[in-house]
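Just the one chain here, laid out as structure tokens, in the form predicted alone.
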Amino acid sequence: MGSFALSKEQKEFYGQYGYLLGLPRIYTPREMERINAELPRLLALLRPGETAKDIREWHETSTYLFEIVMNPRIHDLVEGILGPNFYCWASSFFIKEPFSQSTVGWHQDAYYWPMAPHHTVTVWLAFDDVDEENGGMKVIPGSHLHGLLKHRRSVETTSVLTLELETGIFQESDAVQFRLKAGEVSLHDDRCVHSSPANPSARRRAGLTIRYSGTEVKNDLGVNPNFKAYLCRGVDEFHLNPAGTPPVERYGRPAFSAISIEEAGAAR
């Protein structure tokens, strides 16, 4: 496959609306079959009481995931948003099994993260076909232009996040539904308001989120002391974050438990 570089029009759309769809397929159907066939080997490393959402930053210890987050096709897309110098610092799974009632409430990623300035893009890689029937993500176009919005804590929710955006800040009727084929990705800004509903269908909805930031973005090690930056392209001219070491095992889990976005949000 050739370059996946974004066009001028795609960059302008992202700047105006905070997300991108309709991008070239990163992995062919056959490649995704292979990737999905390996996923159970990673899930087998979960401990009793853990779920797929506990697979956070395992790209640091699994070449299986490290190869994905370092895919040059993905980097072509990200470079069009972040520029020539950027690093990867996080990955996590969001898997909704068939008939799952679990949701993800409306939120902004940047609200949770102890990082500044805000210059991060999330790549959402679909492991399955994703649409409105099996709990595909929705975004509020242009919401990233309004800065960080007020969030509230709620324990009476089906959301995997208990810290959600306050109601009445936006109209859900303005939301755009994401539809992706397995092997495709979407991009969204770290301040873009988004959520996903339950999965009442008989189809799984699995996706891997990958976070990339410009090298000028600094993590607060007082909140997230295990933070590691893996330079993807260009040079790290600022040296603000500890550099990660590429993994050597095919499947492995970190010795520490990566900080969850809930824990980071609680530190605000």
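Start at 1 and count along the sequence shown; that's the residue number. Keep in mind that what you see is a predicted model, and the values were worked out from it rather than measured.
Here the subject shifts to the form predicted in complex with a small molecule, a form of this protein not shown in this document.
**Student:** Quick one: from Tyr87, Phe127, Tyr111, Phe94, grab the residue that has a heavy atom within 4.5 Å of the small molecule in the model of the complex.
**Tutor:** Result of the distance check: Phe94.
**Student:** Name the residue from Asn224, Thr61, Thr209, Asn241 that puts a heavy atom within 4.5 Å of the small molecule in the model of the complex.
**Tutor:** Here the answer is residue option Thr209.
**Student:** Which among 141-149, 76-84, 100-108, 169-177 is in contact with the small molecule in the model of the complex, heavy atoms within 4.5 angstroms?
**Tutor:** Going through the listed ranges, the match is 100-108.
**Student:** Indicate whether the small molecule has at least one heavy atom within 4.5 Å of a heavy atom of Thr122 in the model of the complex.
**Tutor:** It does: once the small molecule is placed as it appears in the model of the complex, Thr122 has a heavy atom within 4.5 Å of it.
**Student:** Can you tell me if Met115 lies within 4.5 angstroms of the small molecule in the model of the complex, counting non-hydrogen atoms only?
**Tutor:** No.
**Student:** Give a yes or no for Met137: in the model of the complex, does one of its heavy atoms lie within 4.5 Å of a heavy atom belonging to the small molecule?
**Tutor:** Although the small molecule is absent here, Met137 would touch it in the model of the complex, with heavy atoms inside 4.5 Å.
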